[in-house]
Structure formats: structure tokens, C-alpha cells
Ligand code: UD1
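In the block that follows, a single chain appears as C-alpha cells, in the form predicted alone.
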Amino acid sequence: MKLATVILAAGFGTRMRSELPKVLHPVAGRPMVEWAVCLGEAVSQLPPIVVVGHGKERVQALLGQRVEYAVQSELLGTGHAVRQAEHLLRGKADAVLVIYADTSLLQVATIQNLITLFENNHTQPDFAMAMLTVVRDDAQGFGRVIRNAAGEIQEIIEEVDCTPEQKAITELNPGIYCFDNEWLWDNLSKIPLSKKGEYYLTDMVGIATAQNRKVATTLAPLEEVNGINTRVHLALAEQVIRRRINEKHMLAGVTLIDPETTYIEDTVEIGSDTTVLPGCLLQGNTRIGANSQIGPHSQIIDSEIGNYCRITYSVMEKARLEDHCEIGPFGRLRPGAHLAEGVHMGNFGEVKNSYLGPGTKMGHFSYIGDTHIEATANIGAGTITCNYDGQKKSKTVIGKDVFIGSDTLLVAPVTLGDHAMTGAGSVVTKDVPANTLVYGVPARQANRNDATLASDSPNVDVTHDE
């Protein structure tokens, strides 16, 4: 059976009280509409069709060519919205799944059950559609499912049109349907105009039963059909999805010491035997290898972390750590930071747009920006690369086995050759040749009388170039 998915994403979502279209509000790292698209992609044989209206340019900018679009220029209800997809689907599918862009909690297994129900009835000549229902006391604005004495569904009454007796009904319509494709398009135009001046898709149930066609129903899990209409609903949905994400990682071999205080977005990948300590926030396209330890209280955004790394009370954004790196406590890696294998970065250090070569040690209270450092350099505590002169940023290059004394200022652009050394408190404004010691303000090469400064480094040239 060829299935198509239509996602309704045109509404205003006024109860969110936001300039951002409701369907673009994120839930666990993905905008609501993207959750719906992922679901449609998982079950459909055709690209999902997203019906856009309010904020359509922003929705289209997010989803790009991943989906097809139908435009609802006038917001005249859900029936009218689905009708905008007719020219894309008539004659191209056997069934049409209709879901809402704000049903982020729906899972593939639930929709597969609905599809199976449809397939089991589709061969019957009088069959029209299958749908989900839910039984609960809190109606959350959903329409009521009306059945006859035999238990057969007759119609859906929207809450605004319910009588007091109908409002007491606890079987509700969350608005998830699977229609026979051709029957849907043949009958959408028969939906009557409501008192609100809209065309309700729910009226398709009454149209089907009036034609003596069968409507099959199956119950949905309660938590999966909670709509997201307010910021309160958004927070509740976040809790549910966050629990699912955490359980997925734990079942895959990741240790979460306190899942209740661990926030992992859906796009994050974590290797087995990694431990995430309390208070961590892992976001975006973050990849963490195996046997690492993250946290406590660390934020990792769009970053790549290798195996056997340790990050403590630190923040990373668009940064990369190779294997066996250590960061923090209280380190910060800004965009473009790349730490090669075995790098150690002390507490309160900061790296931006820089490469630290294998085995490099960076002391605490240091700032490294726009810098390239070769292997096994030692960056003393308090070292600062002065990479910005008020108009432009310049680069610092530090060679292999360079030793930078504590509180050194490296005024870019500047290059230090292999095995060079700086004395504590130096201000380096000129290039330092390989195997050379410099010190002072401004830094100068050591002369013969300063040989004791380098007594522990016999390879350093202490001659003074007059």
C-alpha cells in the first residue's frame, strides 16, 4: 500500500503568545513541525506534504526541499487545509495520513497501528477511513466521539458545538486520520460551513457514516496525543520527549547518573560506556564518543568529542575534541576550537578558533584565540594571545615543544619556532626563532649573562643577536 502524509501547519497558534509561528517552537531540539516530518518520513512512501499558511516562509526555510508544500492562503479550517493538497495526491496514493504539526509526541509504533488497522479494512468496498481516539477526562479542547447504541462511530462534534451532555463524553478525537485516498478527495467538498465560518475535517466522519461507509477506530496512548497550544503544553511535551531520549541512551549503554537533571536533545549521539553527570545540557549536532565523562553541569552545543575524554563544569560550542582530552573545571571552548589527542586544558581556560596539537598542556586562566599550536607545547597559566588590535584579528603560531611561561602575552601576528621559550610575564611582540629564549617587556632574546634562565633547557640558544 502506498501511503502519503499530509501535515497541517498553517495555523496562527495565538495561545503561544509568540512572534514565532507555533510549529517552529522547539521541543527537545527539534521544531514541532520537524517532529511531524520525521514521523511522516518514517511511515510514508511519498515525501510528506506540509500545508503552510501563517509564517510559511519561515517553515519553508527550515524544511527546504525535504517536503512538498501546499499553501492555505485563507485559514478556513482543517478540511479546507487538507483540500489544498489534493492536486499533489489525487491518483498518487492508496491512503492519506493526516496529522498536525503540533503533535510532537506521536510515535511511529502508534501510527503503524493505525496504518495496519486501515490496511485490514481497506479491501472492504464500504470502508472510508481509520482514526485514532483517546479516552480521558481532560478534553483539552478536542472534539467528542459520538457512537450509536451498537458502539459504531457516527460523528465527531467539535467542543464549541457540543451540548452539555456531549461535553461529558470522555472519548475524544485527537485529529489523526488515515483516509482512503480517492474517497477523501471525492468528499472533501461536501464538508458544510461551520458556525465559525470554517470547514472541519472532523465532519468527514459524519459524511462517511451518512454514506453507510465504515470508520475504524483504535485507541492511542494518552501521552502521545496531547496537543501543544500553550507554553505550559510545550513544557509538558518537552518532559515526555526528554524522558524517551534519556531512556534510549541508557538502553544503548550510556550512564546517566540523574536522568531528571540531564537534558539531551534528540539530535545528540553518545557512545557506549560514556557517563553523563547531573546538570548537563547536550544540544544540537553533538557527537560524543565512548568511555568519556561529561559534567557535572556542562553544556555541549554542536560539538564533537572523542573517546576517553573528560569535561568538567565546562561549555563547548562548535568545537572538536579528539581522544583522551581533558577540559576544566570551568573551561570554555568557542567555535572553531580543535583540541588534538591528549590535550589538557586547565580550569578557567578559553580557546577560540584555534588548534592545539597532540599532547599540548594549557594552563589555567589562559586565553588562546586565532592560534595554531604544534604538538607537546606547554602553555603556562595566565597566557593570553592578544589577537585583536581593535580593527582586525591576527594569528599566533606556536611550534613544537614550545614552553610559554606563566602570564605571557603573545601580541599577534607572531610566530614562535620549535623549542622556543618565554619567561614568565613576557610580552612577545616579535617572532621568536626556534630554540630561543625570550623574556621581558617587550620580550627580547636572552644574552650570555642570562644563561641561567635556560639552565634546565640545554637546547635553547641563549646568545643575543646584537
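Owing to the predicted nature of the structure, the values given are computational and were not obtained by experimental measurement. Residue positions are given as counts along the sequence shown, with the first one as 1.
The protein also exists as the form predicted together with this ligand; that form is not presented, and the subsequent description refers to it.
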**OP:** Would you point out which of 168 to 176, 351 to 359, 391 to 399, 366 to 374 contains residues with a non-hydrogen atom within 4.5 Å of this ligand in the predicted bound form?
**Re:** 168 to 176
Original post:
Is it the case that V67, N113 and D180 all touch this ligand in the predicted bound form, with a non-hydrogen atom of each within 4.5 angstroms?
Top reply: no
Subject >> Listed residue (I305, M204, A101, I379) with a non-hydrogen atom within 4.5 angstroms of this ligand in the predicted bound form >> reply: A101
**OP:** Heavy atom within 4.5 Å of this ligand in the predicted bound form: which of S292, S314, T286, T78 fits that? Just give me the one.
**Re:** T78
**OP:** Evaluate G227 for contact with this ligand in the predicted bound form, applying a 4.5 angstroms cut-off between non-hydrogen atoms, and reply yes or no.
**Re:** yes
Subject >> Non-hydrogen atom contact G143 with this ligand in the predicted bound form at 4.5 angstroms >> reply: yes
Original post:
So in the predicted bound form, does Y200 come within 4.5 Å of this ligand, heavy atom to heavy atom?
Top reply: yes
Original post:
Would E158 count as a contact of this ligand in the predicted bound form, using a 4.5 angstroms cut-off between non-hydrogen atoms?
Top reply: yes
Original post:
So which bits of 1 to 27 sit within 4.5 Å of this ligand in the predicted bound form, heavy atoms only?
Top reply: L8, A9, A10, G11, R15, K22, V23
